[in-house]
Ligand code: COA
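Only one chain is given next, in structure tokens, and it is the form predicted alone.
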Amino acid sequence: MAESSTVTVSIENAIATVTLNRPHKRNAMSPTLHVEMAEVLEKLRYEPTSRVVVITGAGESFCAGMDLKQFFMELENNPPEFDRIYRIATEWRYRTLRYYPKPTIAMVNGYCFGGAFSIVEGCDLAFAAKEATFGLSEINFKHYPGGSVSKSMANLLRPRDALFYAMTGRPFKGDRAKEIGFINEAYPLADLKREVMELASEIATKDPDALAACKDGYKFSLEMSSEAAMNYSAAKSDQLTLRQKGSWRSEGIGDFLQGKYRPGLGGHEKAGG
């Protein structure tokens, strides 16, 4: 029987909550889920009522990684279809999330294994339940963190931590994920959604073009020399000025000079009329 609705979306208060919806499989990523997730992210890219995207999992898991049976075994003798799904799986978790125009937040509510590491790393911010369990279990079935996972680990983790967990397959909890820099913060599961939604609501009040520039300025600069990054930053500032029609000066700085708000203590959205 074909799967349906392996990804669900709800939008409230400018926050789009994207939920991996295979709780009976700990939200393991099937070929159908990869296709649906790519479609969802493409639609939300242009959806006007959402400013922040939060990714989480249904039930007690965030995502148990790839569905080993459906992804690796059932597609073993169908190389063209395996390649198609593999490309989609890599694209949305690594490239699409990394350069997404809207802020993205991973809300890790439970088990997070293998390929799910690339979802967490691809998002701009990540928070987890203290009770959540993380793990790179590939070594336990004679493989290694392949696809985009090794690169995701290299992007965030210190070499000692990345290789320790990749070579042992040992699981770790939310507090440890925070300690090694894989997530921003860990909260008790009972508080996780409230904390994440409060932050998402705060970010949703910021100027969307400025938020996109924040993301691009940081992520593209990682790939550049210092001089190239400076030139890119200047060009990005000019682009932002055009998109906002100069409002960062006239309103952002202008309202500060009129005493309507103080940037170091709050955002322009609190300046009022």
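Only a predicted model underlies this, so the values are computations on that prediction, with no experimental measurement involved. One-based numbering along the sequence shown.
Note that the form predicted together with this ligand isn't included here; everything after this is about it.
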Contact residue in the predicted bound form, chosen from 187, 165, 182, 113 - any heavy atom within 4.5 Å of this ligand: 113
Since exactly one of 204, 33, 66, 41 fits, which has a heavy atom within 4.5 Å of this ligand in the predicted bound form? 66
I'd like to know whether residue 249 contacts this ligand in the predicted bound form, with contact meaning heavy atoms within 4.5 angstroms. no
Counting only non-hydrogen atoms and a 4.5 angstroms cut-off, does residue 99 reach this ligand in the predicted bound form? no
Using a 4.5 angstroms cut-off on non-hydrogen atoms, would residue 121 count as touching this ligand in the predicted bound form? no
Is residue 24 close to this ligand in the predicted bound form, meaning a heavy atom pair under 4.5 Å apart or at it? yes
Can you say which of 166 to 174, 124 to 132, 67 to 75, 99 to 107 gets within 4.5 Å of this ligand in the predicted bound form, counting heavy atoms only? 67 to 75
Honest question, do 28, 138 and 141 all end up within 4.5 Å of this ligand in the predicted bound form by heavy atom distance? yes
